[in-house]
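Read the single chain below, which is given as structure tokens and is the form predicted on its own.
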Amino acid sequence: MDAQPRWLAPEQKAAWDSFIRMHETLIGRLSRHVQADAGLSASDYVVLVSLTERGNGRMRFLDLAKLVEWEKSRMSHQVTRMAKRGLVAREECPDDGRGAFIVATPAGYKAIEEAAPQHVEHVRRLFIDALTPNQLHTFGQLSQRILDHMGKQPD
């Protein structure tokens, strides 16, 4: 017998709808700003930030895809586009013939260094400045709680 759907109560639906609208609006605006300010797509920015802040400029392809929560095919297409523009390069992995490293090039470093200050200013203006320090702390805690919860759930 099929289980009945657990529909959202009105206050749950309102919270979910507000979160989705906020997320989509914020990401849309930030994406448009990074494109206009730096000529980078939001995906370019995510990859370059991941490589330069978390990967010391170099990450295994699959680790990078996992970090940004993308499918392998999406990451492959993104890296191909970025490599054509000279922002990243693929390097073979000497330990694993099937693996590859994605490496930020000097042009990639230059692009992220030029884009980041403007991007952070937009993040501050659109998100950080809307909250008090206490609200921001609570928002951070709630976001981490949801991330931790999702980490325990199957995909």
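Quick note: we count residues from 1 along the sequence shown, nothing fancier. Just so you know, these numbers come straight off a predicted model, no measurement behind them.
Omitted from view is the form predicted in complex with a further copy of the same chain, to which the following refers.
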Heavy atom contact within 4.5 Å of a further copy of the same chain in the model of the complex, the stretch among 29-37, 98-106, 83-91, 57-65: 29-37
Residue contact check: residue 125 to a further copy of the same chain in the model of the complex, 4.5 Å heavy atom: yes
Neighbours of a further copy of the same chain in the model of the complex among 14-37 [non-hydrogen atom within 4.5 angstroms]: 15, 16, 18, 19, 20, 21, 22, 23, 25, 26, 27, 29, 30, 33
